[in-house]
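What follows is one chain in structure tokens, specifically the form predicted on its own.
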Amino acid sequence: MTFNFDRIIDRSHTQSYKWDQSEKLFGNKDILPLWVADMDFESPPAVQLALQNRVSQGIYGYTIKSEAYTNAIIRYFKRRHRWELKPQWLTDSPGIVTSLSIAVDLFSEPGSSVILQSPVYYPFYDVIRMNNREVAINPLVIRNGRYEMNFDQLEQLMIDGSKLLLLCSPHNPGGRVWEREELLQLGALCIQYGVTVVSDEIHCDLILPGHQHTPFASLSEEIANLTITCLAPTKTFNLPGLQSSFIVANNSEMKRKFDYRLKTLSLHMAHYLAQDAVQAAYDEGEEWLDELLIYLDGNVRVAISYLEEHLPEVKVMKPEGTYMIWMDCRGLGLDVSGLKELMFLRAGVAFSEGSVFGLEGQGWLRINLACPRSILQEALERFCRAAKPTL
């Protein structure tokens, strides 16, 4: 391995959202935080160098989007995902959730229902409800130890009038990498009923061995014409603090509306630091990414093996992508408050409590595995040791 993912980096007192709020959020300053989805690994060396060079210029003025930045995105997605993008399809946005919220506002009517597939990344609920829309839940079903879509119930929601769907691909928190045939079936329904899709594909690069991400909009021109894809390098290369993302929309009218709303909100200006970091990540970060995926796969194996041996009452849904695992803790016999007490007070760990992902997540926990293996092992040991007295 060229890159050392085992190295522990002290992130305390760095204004870290993840590491500097433990006492405030969980009542325990010594907690191991494996909840919010950023990584405890340094970004690729090329990204660090690009940022250092940019900062050294000393004047941090208004910035324009460069052709080199756009071309880096296009080259990367063609190389990594066999998806040929065009410059005119791309629009920068401060973040994925910003894009989701704007899309809900633009492509649904107040009071209408927006489909999501629960359990799912909790801001999906916020961007629907805070835009005065109704949540239409298409619960995922567990078959053969993984989530699958309930197409019959989904079709009924569309028949009943839902015209917008928020797709999480790959799925967070369940770690599903949707297969091409599943996405084609979903696309056929959306075409039949005139449903617009906003596809959050921020985890598209974090695919574990044996699986392949398929961009939803790459399936056909018809599907692309009703889709806005939300993308970012931030999860892949650990850049969330730079607030850099972009949408892909080959439907020119949808893109025009999106661009106009961004400008209305004055969110259209380029970030002084982000472009150089993104360009370096996409052009020079793939060796780092390939090694990261090997390391993450190792962390998945360690976590599953340890829990199977030391706490078999907890069942892990083996992930196909992302850097999280989704654990069914209902065998511990604890309600939501009991799971929180177990984590925060007795074990001294912070995982994500499952009910925030929807009613279907109650009794589950999500662990962020993107940390040095020694930290992961300590967190698992603490959790299993603390859980034993509850059984």
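Don't overthink the numbering: it's just position in the shown sequence, from 1. Not measured: the values here are computed from a predicted model.
What comes next is about the form predicted in complex with a small molecule, which does not appear here.
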Please state whether every one of the three residues A37, G95 and N172 places a non-hydrogen atom within 4.5 angstroms of the small molecule in the predicted bound form.
yes
Report the residue, out of C168, A72, L85, L292, that has at least one non-hydrogen atom within 4.5 angstroms of the small molecule in the predicted bound form.
C168
Please identify the residue among V300, L157, I202, I223 with any heavy atom within 4.5 Å of the small molecule in the predicted bound form.
I202
From the candidate stretches 194-202, 263-271, 109-117, 208-216, select the single one in contact with the small molecule in the predicted bound form, where contact means a heavy atom within 4.5 Å.
194-202
Non-hydrogen atom contact Y121 with the small molecule in the predicted bound form at 4.5 angstroms:
yes
Even though the partner isn't displayed, in the predicted bound form is K235 close enough to the small molecule, meaning a heavy atom within 4.5 Å?
yes
